[in-house]
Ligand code: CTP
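Starting off, we have a lone chain in the form predicted on its own, written out as structure tokens.
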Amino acid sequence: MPVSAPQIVLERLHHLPGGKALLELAAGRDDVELVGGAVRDLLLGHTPRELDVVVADDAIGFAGELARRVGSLAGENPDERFESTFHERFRTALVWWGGGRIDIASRRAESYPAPGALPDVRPGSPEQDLLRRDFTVNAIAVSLTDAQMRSAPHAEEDMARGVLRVLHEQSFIDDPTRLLRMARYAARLGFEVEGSTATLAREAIVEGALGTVSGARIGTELRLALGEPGAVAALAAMSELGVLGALHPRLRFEEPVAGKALALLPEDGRADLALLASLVLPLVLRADGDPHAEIVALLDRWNFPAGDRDRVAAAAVAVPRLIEELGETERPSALRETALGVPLEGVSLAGALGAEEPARRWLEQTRHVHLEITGEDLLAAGIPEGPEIGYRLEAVLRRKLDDELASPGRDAELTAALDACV
């Protein structure tokens, strides 16, 4: 007898972190369902990033019991921590630990008091809970007790065809962040946007729907997109849809440039920040004011962490200078002087835009050259403590980069440092 789709979901769930404990806890109840993206991914043969569970009521009680069960089944790893939180407004709870994450929600219905506002939540029926979701392929639920599957209209058909379809015509008006999510899902899953859904998306953008959403929520969706393995495809989909232009009139995404920058970016760089720098680069190239301040203000509005914000702004602002100056550097010491202090993402982006060879030399070779001697060696040789130590070390490093030392090794470096004119 063929294995049914719900049975496939339960079998695959059993082998996921927390899955066994979840199934054991659900066995004593008749109201526990796996829903949304977790079901979608398991049906497609993918590994869900998290598990989404719906219970009839008391999500926090279920979460507490689940946390205890997950902890008792986790083995002897002393580093594992199991915690749960509860969001009263949205009737949701979360259990997370080092190996996984399970979201639990009480069944609910939602209504939107205004376009772009967070929803008002109330207890709902199983059908209402299913139909409040974003796309049909995320509106599928599997009972963890009897392996029955429920789905919204078109959901199973759309899953089979690889199609993204909203559940109702007001979907993008109610929650415009679904526009960004749709691009992310399309890139991750390789799905096409259904025709009427694409029309609704374009109409929502033209009507200014994204302007009704808080910057913090936009930032959350952007960070999720930037963190995708298929981030380039997700951003390209946002660009084609018109989402980026609606977020800021000068945002642009040049896919070939982004791809080349990522190819140049070393492992200790941040791909997400390189992509973000490429998005905001037009604010620098077409600046009519202070581009650094403009980028900082934009990323602040999107609630990016200060460290990431400043790194992206510094990378983007440095690009025009790097494109001009890197092409004129032949000596390694001059290359270091030009690129030192610029975030790796800025150098890789400048390389993608025309300074590829010197950018590659800096990223792969020159920046890794260091002296064998330290300030302690100069102090021991009688150089007094103070700025002179740094000046001498810098002078020797420039000579080492340009292959001007008498020989390799500590002795030659120390001799050059003691002979340096400061």
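Residue numbers here begin at 1 and follow the sequence given. Source: prediction; values computed, not measured.
Heads up, the form predicted in complex with this ligand isn't pictured, but that's what we're talking about next.
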- Task: Considering this ligand in the predicted bound form, find the one stretch among 131-139, 155-163, 198-206, 230-238 with heavy atoms no farther than 4.5 Å from it.
- Result: 131-139
- Task: Run the contact test on K260, P343 and E356 with a 4.5 Å heavy atom cut-off to this ligand in the predicted bound form and return yes or no.
- Result: no
- Is there any non-hydrogen atom of Y185 lying within 4.5 Å of this ligand in the predicted bound form? yes
- Item | Non-hydrogen atom contact R40 with this ligand in the predicted bound form at 4.5 angstroms | yes
- Indicate whether this ligand has at least one heavy atom within 4.5 Å of a heavy atom of T329 in the predicted bound form. no
- Taking heavy atoms and a 4.5 Å cut-off, does E65 contact this ligand in the predicted bound form? no
- in the predicted bound form, which of the listed residues (R301, R181, R336, H292) lies with a heavy atom within 4.5 Å of this ligand? R181
- Query: Here the chain is shown alone; which of S143, T177, T92, T212 has a heavy atom within 4.5 Å of this ligand in the predicted bound form?
  - Reply: T177
- Item | Residues in 240-275 close to this ligand in the predicted bound form, defined by a heavy atom within 4.5 Å, in order | none
